[in-house]
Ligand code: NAP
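Here's a solo chain for you in structure tokens, the form predicted on its own.
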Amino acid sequence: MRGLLVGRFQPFHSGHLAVVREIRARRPDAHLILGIGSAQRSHTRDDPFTAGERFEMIARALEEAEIDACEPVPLFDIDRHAIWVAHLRSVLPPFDLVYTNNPLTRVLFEADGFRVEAPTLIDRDRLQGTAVRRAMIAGDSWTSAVPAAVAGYLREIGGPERVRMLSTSDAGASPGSGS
């Protein structure tokens, strides 16, 4: 059996890790694909990190937590809900089960005949990408919301500084478009 969990992981936080642990505990012999959604997006306020950086966050967090049988895979948006599941089936290895708490994702996969389960979300106010990025912007504590390996990696790549810079009004300008 192989399952699929899709997320943007902007950044990969302790809530994501808790979901992965729950899935692996429920099905210790099953493989898990971690679909890195919106892989083409980066360096924006809502999507500050590249797919490669998110892959590295996930890999480091899973290694630190000693969790195996998980495979992060970048997934590029096609912006067409009606064919999204077919698209994922064409670019991913076969999977039998989808884990999501997103109502649209649930509807799309169930319409295509997939079994869908909703993992438990913990401390949702604090453990969500938006809250972690807000804390970085405000200069508040954010490291307790991410695995230690992710906090270290984000510091290595200047993640908090990038998030703060991207929160400014001029950050959305295209490179080279300054006056």
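Numbering starts at 1 and follows the sequence shown. Everything numeric here is computed off the predicted structure, so don't read it as measured data.
Below, we turn to the form predicted in complex with the named molecule, even though it does not appear here.
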With the partner left out here, check for me: in the predicted complex, does some heavy atom of residue 8 sit within 4.5 Å of the named molecule?
yes
In the predicted complex, is there a heavy atom of the named molecule that lies within 4.5 Å of any heavy atom of residue 77, even though the partner is absent here?
yes
Is residue 98 close to the named molecule in the predicted complex, meaning a heavy atom pair under 4.5 Å apart or at it?
no
4.5 Å heavy atom contact, residue 121 and the named molecule in the predicted complex:
yes
Thinking of the named molecule in the predicted complex, which stretch from 62-70, 128-136, 24-32, 148-156 has heavy atoms inside 4.5 Å of it?
128-136
Stretch 1-21 - residues with a heavy atom within 4.5 Å of the named molecule in the predicted complex
6, 7, 8, 13, 15, 16, 19
